[in-house]
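Listed next as structure tokens is one chain, alone, in the form predicted alone.
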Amino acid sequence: MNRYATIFATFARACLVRDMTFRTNFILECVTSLGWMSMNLAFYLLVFTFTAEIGQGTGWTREPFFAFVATGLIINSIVQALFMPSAEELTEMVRTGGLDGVLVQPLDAQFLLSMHRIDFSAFANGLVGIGLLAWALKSIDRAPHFVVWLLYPLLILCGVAILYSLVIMLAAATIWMGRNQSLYDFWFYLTNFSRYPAEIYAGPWGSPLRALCTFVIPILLVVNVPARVIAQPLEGQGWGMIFAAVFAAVASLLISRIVFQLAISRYRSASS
């Protein structure tokens, strides 16, 4: 474990040096990311000028909802910084044969392929998310219980694990397909469902979609569970969702590992 931690620290240091070598590009990426996020926050503020709550009786008033948004920013910034850059490179590595060099290394291939590049500019949204979360919790009358502060980081990690598993499985599809340029697009479409409270998925169309994105592809558990724990009272049903999120995270990691290993076993060198 110490060996992998040292290697990851080396990757991080190299990526930071690369980003600081091109500071203007790094700053522009941060500004672009923050600009997109600011427009989304402005839209949500506009929504709350017409309504006091997202869905009647859901508890998602303005401050709790912004805690929800902040949680999503934190989770997605971690995934986009640590895993997405490496996954996007896998397509080119399969096409050019660069994957051959990875597979002969005396290290776990999944570790190397998913964590060798880090995009530090993606952490900008996460930092804003932390600030937004602090503001939202300060504005909520009810202070979170001590147990909540222990559960929240755990559930953040569960959300990251679920999204990481999806990234790995999408990247593994590249090995079968040979070329998968739509990886990031599909990722964006899929994670869009996690950007809103689960309660909005109701009715004849919404309910089946909610079931699909909770029990088949557990994308709705990623943000909804930690956000609900930190922003709303922790009740009996909340504990069930906590256990569901932990189970989904463990199951997702196991399934993604199986899918990745199966894809690697089917891989044939670009020269073969």
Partner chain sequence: MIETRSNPAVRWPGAGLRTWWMMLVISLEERLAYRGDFVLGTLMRFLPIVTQLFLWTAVFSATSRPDIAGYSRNDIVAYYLLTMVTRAFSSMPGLSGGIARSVRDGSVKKYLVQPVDYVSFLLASRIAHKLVYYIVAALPFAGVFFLCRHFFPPIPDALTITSFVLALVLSFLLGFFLEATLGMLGFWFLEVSSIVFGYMLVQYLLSGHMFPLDMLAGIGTGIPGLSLADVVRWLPFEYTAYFPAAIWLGKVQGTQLVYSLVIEAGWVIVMAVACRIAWWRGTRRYSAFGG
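Just so it is clear, the model here is predicted, and its values are computed rather than measured. Positions refer to the first chain, counted from 1.
Another form, the form predicted together with its partner chain, is not on view; read the next lines as being about it.
Considering non-hydrogen atoms and a 4.5 Å limit, which listed residue (Val246, Val69, Ile54, Cys213) is close to its partner chain in the model of the complex?
Looking at the other structure, the residue within range turns out to be Ile54.
- Item | Partner contact for Phe186 in the model of the complex: its partner chain, 4.5 angstroms, heavy atom | Phe186: yes, in contact with its partner chain in the model of the complex.
- Task: May I ask you to check whether Ile200 falls inside a 4.5 Å heavy atom distance of its partner chain in the model of the complex?
- Result: Answer yes; at least one heavy atom of Ile200 falls within 4.5 Å of its partner chain in the model of the complex.
Would you check, heavy atoms only and a 4.5 Å threshold, whether Gly240 touches its partner chain in the model of the complex?
Flag for Gly240 set to no.
request  = Decide whether Ile27 counts as a contact residue for its partner chain in the model of the complex under a heavy atom distance cut-off of 4.5 Å.
outcome  = No, Ile27 stays farther than 4.5 Å from its partner chain in the model of the complex.
Query raised in the report: Across 25-61, which residues bring a heavy atom to within 4.5 Å of its partner chain in the model of the complex?
Result: Sequence-ordered list: Leu28, Val31, Thr32, Gly35, Trp36, Met39, Asn40, Phe43, Leu46, Val47, Thr49, Phe50, Thr51, Glu53, Ile54, Gly55, Gln56.
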